[in-house]
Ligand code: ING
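One chain comes next, on its own, written as structure tokens: the form predicted on its own.
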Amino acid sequence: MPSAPSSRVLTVAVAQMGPIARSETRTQAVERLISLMEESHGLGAKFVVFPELALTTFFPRWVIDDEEELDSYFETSMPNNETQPLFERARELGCGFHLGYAELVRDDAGKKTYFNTAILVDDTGAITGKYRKIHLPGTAKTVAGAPHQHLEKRYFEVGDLGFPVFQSQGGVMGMCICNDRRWPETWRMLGLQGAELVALGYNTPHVNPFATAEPVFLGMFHNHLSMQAGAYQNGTWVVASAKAGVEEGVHHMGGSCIIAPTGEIVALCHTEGDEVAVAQCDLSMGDYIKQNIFNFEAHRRIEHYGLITSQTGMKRPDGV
């Protein structure tokens, strides 16, 4: 790996979480997040990435017909009374963070819209960016015979903010959430805007409930493969944090990691519980990749990429 100058080094941490029980309160979850932030800061981190839906159990595994119960898993403001201590501790430590949570938005007429959301918070405790998950996996209806349900399409709307990047923590930062990491379009949209670090959280079952014939080892392989390719092909750091372990009977993979712009994993969590992994990330490290191997301006040929935005499903040409 090329040596990195120190001028734009940001020490970052992935703060993996073990299971969050259905009965666990926001206050309890936030206390765990604060503890992980303090541990990360003690190891030198100035930016901490927490998982997707880090404040609650992964509720899309259940059919929830009661609107009041469903709404109880969502945040209507951020920060709020329960999460304010996390923001205050971040400000006290001078440590930014990324947080995933379920967001409920009401318009002026009172109509509700639900999103799977993540935010960037800087070292003063101020929110500097927001992203809403676009590639929603699973189904809107229950699947008979599945070992568990995955109803993100039932409970969330497709994100409406696109794939923005933000100037934060001294660099250009982007975000994506869980299944977004598997789609190359996600990474290229962020890469085209010069992303230097992409923060993401995930809650991924150890076994795909809709592809149970897939060998278990491939799950972790594909998890890392998608992110390593995205990092290398766009010259960006990737900081990915999982919620892991057996949560309410469903086994979620860990594998939280920090990936360099070269595609190399430079830090990795080894358990399925609350755990921190730290790395020093030079935000300029991807420049040589952006300027040479994947120099978009010099080598991309958008006149030949029309199918990417004009066609959704696979369709073979006539006669093929």
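In case it trips you up, residue 1 is the first one in the sequence shown, and so on. Since this is a predicted model, take the numbers as computed values, not measurements.
Below: the form predicted in complex with this ligand, not depicted.
Exactly one of the stretches 118-126, 149-157, 76-84, 190-198 approaches this ligand in the predicted bound form with heavy atoms within 4.5 Å, and it is 149-157. Shown alone here, F58 lies within 4.5 Å of this ligand in the predicted bound form, counting heavy atoms only. In the predicted bound form, none of the heavy atoms of Q233 sits within 4.5 Å of a heavy atom of this ligand.
Taking the partner from the other structure, this ligand in the predicted bound form has no heavy atom within 4.5 Å of any heavy atom of A242.
Put simply, R182 is close to this ligand in the predicted bound form: some heavy atom of it is within 4.5 Å.
Site annotation in the predicted bound form: the residue of T139, Q228, S168, N208 reaching within 4.5 Å of this ligand with a heavy atom is N208.
In the predicted bound form, the residues of 190-204 lying within 4.5 Å of this ligand by at least one heavy atom are, in order, N203, T204.
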